[in-house]
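Next up: just one chain, as structure tokens, the form predicted on its own.
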């Protein structure tokens, strides 16, 4: 980590960010990190900055089962980035409107969009210590809405103090006809021996675009389990960076996503091991219907000195329609010998033998395919301990199946 990035005060930090933005260029698809993305078609000049917090009520089939299954949760609700309700933090938690001072702004490889977020974003910061009741989830509801093209920059920082444990759920939602460019950044910092279960549900409207970052940094003995479920937006990009910064830390990164229509769902990941005896496992599964395009590019990076590292990366994709496609590009960058690292990826249609087996028992072809896709995603529910994940995955499949039948 470059400690020079931790400016001593807010004004210095903002000046630093302005200077960085002025020195950076907009990315394009000729850059490997943005290959396949269609970023060339995004015109930022067409978006205004958010104004006010007025918003219509947002209903989401994906988030409803999460809210129902976690009725006892602590709720933090924001509208277009601003906290919209009074909030009394329970014992062991502190709510702030900026990152804790001991967390530098940029502890990952940031692009121009995360810098924009740091300059323009509305921050919510949760600091949780060992006194917090880990049986009570925290749900941060981020409702975004504008009928005119508007850019919104949600910023969430979650810090767990040494020995703390918590479950945090982030819901990123909008009405279906919203016209929003969402640039969310979620920063997660886990101190020694802390443990976080994290869930992201993204259900943005079909007129929205998202360029998001999820950044986690784990100190010695920390454990991080993350599940992301995405189904919304015309173009949705999530760049996930997880750094094993302390010995013996463990990171599990999972995602389930389903694209339909002309959606582009774009995932970039980086599992970085900077300390010895760390473990990271990534498991991403996606399906594409109609003319949707799935993109996955992932890197496992093991730094010199990060001995006894275990790092694994798997990406599986189902292509359900003739016009749908998926690109999967896993990568390794290993600077140590004493490691166990592997990557695997697959792209293909529904298994013909499974389809034949179900049809031979009197099940109609369309129903058989839906059962296979449901089974493809149901495996993911067992990878998260958070209540309601199974039902959210069922809702994702049901929502997209309607598009597939059109």
Partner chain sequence: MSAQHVLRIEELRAGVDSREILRGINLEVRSGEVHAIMGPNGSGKSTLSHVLMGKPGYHVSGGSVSLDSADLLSLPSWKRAHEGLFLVSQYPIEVPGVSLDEALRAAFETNGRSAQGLHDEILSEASRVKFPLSLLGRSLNVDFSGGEKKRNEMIQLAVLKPKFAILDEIDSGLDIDALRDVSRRVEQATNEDGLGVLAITHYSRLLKELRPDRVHVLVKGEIVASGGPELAQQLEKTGYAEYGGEDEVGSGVAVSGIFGL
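All figures in this text were calculated on a predicted structure; none of them were measured in a lab. Positions refer to the first chain, counted from 1.
Although not depicted, the form predicted together with its partner chain is the subject of the following passage.
Chemist: So which of 353, 32, 338, 68 gets a non-hydrogen atom within 4.5 Å of its partner chain in the predicted complex?
Modeler: So the residue touching its partner chain in the predicted complex, by this definition, is 353.
Chemist: So, 359, 367 and 390: all three within 4.5 Å of its partner chain in the predicted complex by heavy atoms, or not?
Modeler: All three within 4.5 Å in the predicted complex.
Chemist: Hey, in the predicted complex, does residue 379 get a heavy atom within 4.5 angstroms of its partner chain?
Modeler: Although its partner chain is absent here, residue 379 would touch it in the predicted complex, with heavy atoms inside 4.5 Å.
Chemist: Determine whether any heavy atom of residue 55 comes within 4.5 Å of a heavy atom of its partner chain in the predicted complex, and answer yes or no.
Modeler: So residue 55 does not count as contacting its partner chain.
Chemist: Against its partner chain in the predicted complex, would residue 375 count as a contact residue? Criterion: heavy atoms within 4.5 Å.
Modeler: Answer yes; at least one heavy atom of residue 375 falls within 4.5 Å of its partner chain in the predicted complex.
Chemist: Heavy atoms within 4.5 Å of its partner chain in the predicted complex: does residue 363 have any?
Modeler: Within the cut-off, so yes.
Chemist: Which one of these stretches, 23-31, 367-375, 341-349, 38-46, sits within 4.5 Å of its partner chain in the predicted complex when only heavy atoms are counted?
Modeler: Careful reading of the contacts points to 367-375.
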